[in-house]
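As structure tokens, one chain now follows by itself in the form predicted alone.
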Amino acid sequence: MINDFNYLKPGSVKEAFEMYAEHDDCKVICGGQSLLIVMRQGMVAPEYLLDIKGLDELRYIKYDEKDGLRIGATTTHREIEKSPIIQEKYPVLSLMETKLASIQTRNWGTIGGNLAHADPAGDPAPVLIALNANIKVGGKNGERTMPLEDFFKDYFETALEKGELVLEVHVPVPPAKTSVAYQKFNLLDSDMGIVAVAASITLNGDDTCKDARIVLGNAAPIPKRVKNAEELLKGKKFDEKLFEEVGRISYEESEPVADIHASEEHRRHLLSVLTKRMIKKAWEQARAVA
């Protein structure tokens, strides 16, 4: 049962900032696919609910050859999944979205709401961090931008300050000969991942690794980069034994928590296997990039 609350419906982003600053005990809803569940469970019971889902100012997908991709916070997962420009320029984002919950959820849930909820099992964050994305947030006192990997602080905790909203995700143009691969392990297609791995590989002209980003999902309180493994890959050539070592590092540096779905040991094993597979897949795809 959801407790009574006062419903706030701003007509613009500016009005949303003002309403949010005015009310102390207030939660923001931008789709509600996660918030309504915890409200129903009695985990949160805000006096005010600020609904920004209808703010079309924040509902957009824009792409520029120099600037990259910009996605407004109220853009739905389904819009990201079906966007022709994302399918062409950032196919891993579109593929990730096809595995995010159900079509009904993707039709209503938003990218801003997903990231602000900060569930470590969420699908978009590892992929976006692998793509070196930034996030823009703002409130009555102004706006600021930060790397997405700095946005997450702990379980369901972010760098959002009082009165701030998620406004936009910015994904830069990938460097030449770069590819990103993502896979999660789950028992049902519509479930959140028991674990997940996103891997980005950038190659030099001789197919040695120029740069790498490995991001683990549901392996720690926040999406976790495996920087020691990334460094190990740099300057190296395609090598199955190297990938085994990278998988071992993911196994050792992950911090998964056991629950009814999987033990800690099982999660570590899955992360090791998926890391090896995603690095190999991204590397093979990067070879084919012009």
Partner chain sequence: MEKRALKLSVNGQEYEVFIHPKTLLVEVIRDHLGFTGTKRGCETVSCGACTVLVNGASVKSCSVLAVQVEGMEVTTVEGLEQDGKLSPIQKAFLDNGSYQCGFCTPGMLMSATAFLKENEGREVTEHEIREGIEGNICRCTGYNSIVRAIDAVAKGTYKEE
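As the structure is a prediction and not an experimental result, all values here were calculated from the model. Residue numbers count along the first chain shown, from 1.
Quick note: we don't show the form predicted in complex with the partner chain, though the next part is all about it.
**Student:** Identify, from the list N186, T208, T105, N141, the residue with a heavy atom within 4.5 Å of the partner chain in the predicted bound form.
**Tutor:** In short, T105.
**Student:** If you check H117, H170, K177, R78 against the partner chain in the predicted bound form, which one has a heavy atom within 4.5 Å?
**Tutor:** Selected option: R78.
**Student:** Y7, Q33 and A101 - do all three of these have some heavy atom no more than 4.5 Å from the partner chain in the predicted bound form?
**Tutor:** Yes, each of Y7, Q33 and A101 comes within 4.5 Å of the partner chain in the predicted bound form.
**Student:** Look at the stretches 253-261, 227-235, 50-58, 66-74 and give the one with heavy atoms within 4.5 Å of the partner chain in the predicted bound form.
**Tutor:** Looking at the partner contacts, the answer comes out as 50-58.
**Student:** At the 4.5 Å heavy atom threshold, is M1 in contact with the partner chain in the predicted bound form?
**Tutor:** Yes, contact at 4.5 Å.
**Student:** Is S190 close to the partner chain in the predicted bound form, meaning a heavy atom pair under 4.5 Å apart or at it?
**Tutor:** Yes, S190 is a contact residue.
**Student:** How about K82 - does it come within 4.5 Å of the partner chain in the predicted bound form, if we only consider non-hydrogen atoms?
**Tutor:** Heavy-atom contact with the partner chain at 4.5 Å: present for K82.
**Student:** Indicate whether the partner chain has at least one heavy atom within 4.5 Å of a heavy atom of I29 in the predicted bound form.
**Tutor:** Yes, I29 is a contact residue.
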